[in-house]
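Only one chain is shown below, in C-alpha cells, and it's the form predicted alone.
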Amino acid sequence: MKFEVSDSSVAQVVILPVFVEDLPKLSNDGKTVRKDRLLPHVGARHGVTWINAPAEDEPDLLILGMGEEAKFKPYMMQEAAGNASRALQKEQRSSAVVTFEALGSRKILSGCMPAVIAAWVEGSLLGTYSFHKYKSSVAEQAETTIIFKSTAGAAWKEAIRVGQIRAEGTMWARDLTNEPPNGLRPRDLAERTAERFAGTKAQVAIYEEPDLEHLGFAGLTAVGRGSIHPPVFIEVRYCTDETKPLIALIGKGVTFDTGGISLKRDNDISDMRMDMAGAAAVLGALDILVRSGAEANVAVLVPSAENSPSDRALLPGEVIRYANGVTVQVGNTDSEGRLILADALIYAHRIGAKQAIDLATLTYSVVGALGSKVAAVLGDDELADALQTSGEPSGERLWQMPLVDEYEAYMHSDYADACNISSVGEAGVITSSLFLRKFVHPSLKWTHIDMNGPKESASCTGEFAVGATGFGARMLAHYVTNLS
C-alpha cells in the first residue's frame, strides 16, 4: 500500500468518513450522494457502504461510519482506515482519495490534521496486515495508492512517515507473536532481534549459558532447562541521551508454554505460542523509537524460554534462590512467567534503571476480569496513569487494579520466602503482581501490565486482523516519546 499527498483528486474511489450526525445533510444536499440514499446504519461505527458512480468516468464512493461524534476517540480514525483499506483490497481498487470534508470544522480535526493523516496511514497498514508466511499460495493483491488531497505537502508527508513507522513496529510485533512454536524458539527470537536492529543505534546483547548462571538468572535457567531449546536473555540498549533516566521495558518471552510438569489441561493450547506477546510488544516499541529517531534512554529486557516437560524439567516443590536473596518455592510450573520476569526486574535495578515497565500474558484471571479489549496495570500510580494516557491514541486500553497488601499472605511457603502461586482461589491478577513486587528494588518506579486479553483478535475488524494484535508496542513508544 502506497500513500501520497497531492492537490489532485483523480482516483477510482473517494473515501468519505462520516458521523451519524452527518447523514441528514449528505442525504439532502444531492451533491455527494443521491438524495435519500443514506440509511441510519451507514454512519454507525464500523459501517462500510459502497455507492457506485452514476457514470464510468466518475469515482465510486466509499462511506465509512464513525458512529456518534460525542463518542469519538482518536483511535477510531485508525479503525475507519483499516475498514476502508480492507474494502479497497477486496474490490481490487488501485487508487482512492480520502476526504474529510463531511467531518467539517469539528474540534477533532482542528489544528491536528497531521495526526489524523498519521492515524489513517497506521490504520490502513494494520487493517490489511495478514500472517501468511506458511501458506503455500496467497492470492495476489493489487497495490493500492491512498491519496490525501492537500497542498500542505511537507507536513503531511512527514505524518505519513510517522504512521508507517508505528504500523511497521506493530506489525513486527504481530509477526513475532503469530509465529508457530517451531518457527520461533528462544534463540530464534534473539537472532531476529539482532537482525532487526543491525546497523542502528540500538545495541543488542544476547546472554546464554553459562552467562545466565553467572548473571544470577535463576528463574530463567530453571524454567528453560526442561527444553532442548535453551533459554536466552536479550538486552537491547537504545541510549541516545544518557542524561535522561534509564527506562527498562521488560517483556515476558516464553516462546511456548506447555505448563511444564504442571501440564496444561485445555483441549487446545496452540495459542500458547503467543505467550511471548509481552516480549514482542517491548521489541516493537523499541523498533518504533529507533526508526523514528526518538531521543531516549531505554533498555529492553527479554527473558526468553520454552516451558516444556522432560526428565530435566523444573519440578513442583523445587526452591529457586534469586540474585536478590529471595527464595521461591515452585508450587506450579505453569506459573512460570513470573519466575523469569523476577530475574529481569532484579537486573533492571542492577543496570541503573529508574523506571521499569513489564508486559506479560501472565494470567487467565485478567481475561475474566477485563475481557479481551483491556489490559490490567498495577504498581506505581503516577506511572500507571501516564501509561493509560499513552495508550489512548492507539486504543490500547489499560485499567488500573490495586495491589492489596493483605493478599501477599496468600503466597506463603512453609520452607521458602514465598510460593509462586496463591493458596487462595481469588485475585489472581493481584497476587501475581504482588509476587513480582518482591523483586522490585524500593528505588525503582515500577508497573506491571497483564495483557493476556488484548494480545489477539478473533476477527478482522477495524485495524485488527485475526491473530496477534501487537498490543503495547505503540503505547510504550508513545510513553517514552512523551517523556522526551
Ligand code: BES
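This is a predicted model, so every value here is computed, not measured. Numbers follow the displayed sequence, beginning with 1.
As for the form predicted together with this ligand, it is not shown, yet the points below apply to it.
Although the partner is absent from the chain shown here, none of 185, 220 and 308 has a heavy atom within 4.5 Å of this ligand in the predicted bound form. Stretch-level contact analysis of 270 to 278, 320 to 328, 403 to 411, 114 to 122 against this ligand in the predicted bound form, using heavy atoms and a 4.5 Å limit, identifies 270 to 278. Put simply, of 361, 170, 78, 304 only one has a heavy atom within 4.5 Å of this ligand in the predicted bound form, and it is 361. The partner is absent here; in the predicted bound form, the one residue of 257, 396, 179, 287 having a heavy atom within 4.5 Å of this ligand is 257. Within 4.5 Å of any heavy atom of this ligand in the predicted bound form lies no heavy atom of residue 64. Among residues of the shown chain, residue 421 is one whose heavy atoms approach this ligand to within 4.5 Å in the predicted bound form. In the predicted bound form, this ligand sits within 4.5 Å of a heavy atom of residue 452. In the predicted bound form, this ligand sits within 4.5 Å of a heavy atom belonging to residue 264.
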